[in-house]
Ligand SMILES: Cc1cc2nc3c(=O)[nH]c(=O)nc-3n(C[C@H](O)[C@H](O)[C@H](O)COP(=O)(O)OP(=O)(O)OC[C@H]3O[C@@H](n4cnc5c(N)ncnc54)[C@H](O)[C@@H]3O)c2cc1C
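Consider the single chain below, provided in structure tokens and representing the form predicted alone.
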């Protein structure tokens, strides 16, 4: 019997990887209740590439396999290709309501960007071209699920990696062998780590030139001996009716512990150059393609929160109040602003020297920065609209059919909505604003793009400010010219008088 693409993905995770949850090593992640709902969701998403009704939206024809590949692997040679990538990102994001932030399309886009700009890194490693080409083709053709782990563990943030008290705290190369490099230390935060195939590992912040042992770009298989994937507490729910989001979209975050892990040379794309790693981290092609995906997902998520907020307001007859309309209008403004920035990035797209068409980074960075403030505000608005109603929801839907059914169906109903549908709506909204999963998402949206103080400051530092500062210069020059003209007219003698007829 031929397995579907989603079934092959599930089977591929039975590879001996070391996953730890609740203090125990899991023998099989695919059978554990903490991952069951999420893996069911991912299976559905992988199967879309074989679904003749939607595969054109999600993928592109790959002659190497005579099948469709996900469009995150599409190197855009035109604006139409760029829009095709956006449609694929939007399809998966809308299928998961923007709640699953790391569906592999972000990390896949980084790989695609490095592949498209591979000739830029020859000076740092003459084999980079062939390594990234081989890996890009492997990931594309095998449907590999990828994620990133870029941050160092929070031990002493006032010190750089080389200044930490314990030398093995931050991931570093401790030895080179004939087969590869041996690495030791930790990386975080590996969202989707328990069910990914490979981790993209590199430093997020700029290293000092004497920190070569920390300067590396590694693509690490999840099942390498000595690699331990340490999960946080699971927020997955087994009660779909009570926690409809937590039951399906708990993507899990993890810390990676490397206990002398041997990474094969073909997966060591760069090493030993702090400058080379920083140029890779700041590579315009990779960042433009990957950040484009994050804005598509942000838009889907804001649209979902807005839709839930509208429904909650309608269900309790509050949408006619001016102060509620003002808040709902703010949600509409959020959605339309991010949508406009997304479209602007594509309209302003340009072709680089390598022939790759890239979305404009300025609108994308603006959207990402706004998202760190928009999403917490959107959740706050939903809290304010639902208010005490979130505290009035029965513990289970089953109570509506219990001994007090008649009373409860009367008291839990809403305006033109029956009790069951209203309770379901409020439980969905609570999963966004009050559940552990909801709290995780608010934290995630604040910080996933980096320190928001730094990202806002960077937008100022790297912006082309010449046009804006030019306005001030033009004002001064024009003002000075006008003043000079007025002085000359004052010295020209009395003006001619005019007497109306």
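This is a predicted model, so every value here is computed, not measured. Residue numbers count along the first chain shown, from 1.
One more form of this protein should be noted, the form predicted in complex with this ligand, which is absent from this view; the next part is about it.
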property	result
Contact label in the model of the complex: residue 223 to this ligand, heavy atom within 4.5 Å	no
4.5 Å heavy atom contact, residue 440 to this ligand in the model of the complex	yes
This ligand contact in the model of the complex: residue 315, any heavy atom under 4.5 Å	no
Exercise: residue 102 in contact with this ligand in the model of the complex, heavy atom 4.5 Å	yes
Segment that reaches this ligand in the model of the complex - one of 175-183, 151-159, 423-431, 307-315, heavy atoms within 4.5 Å	151-159
Candidate spot 258, 265 and 267, all three touching this ligand in the model of the complex (heavy atom, 4.5 Å)	no
Selected contact from 356, 191, 237, 273, since only one has a non-hydrogen atom within 4.5 angstroms of this ligand in the model of the complex	191
Answer option from 125, 346, 95, 253, heavy atom within 4.5 Å of this ligand in the model of the complex	253
Residues in 439-464 with any heavy atom within 4.5 Å of this ligand in the model of the complex	440, 443, 444, 447, 448, 450, 451, 453, 454
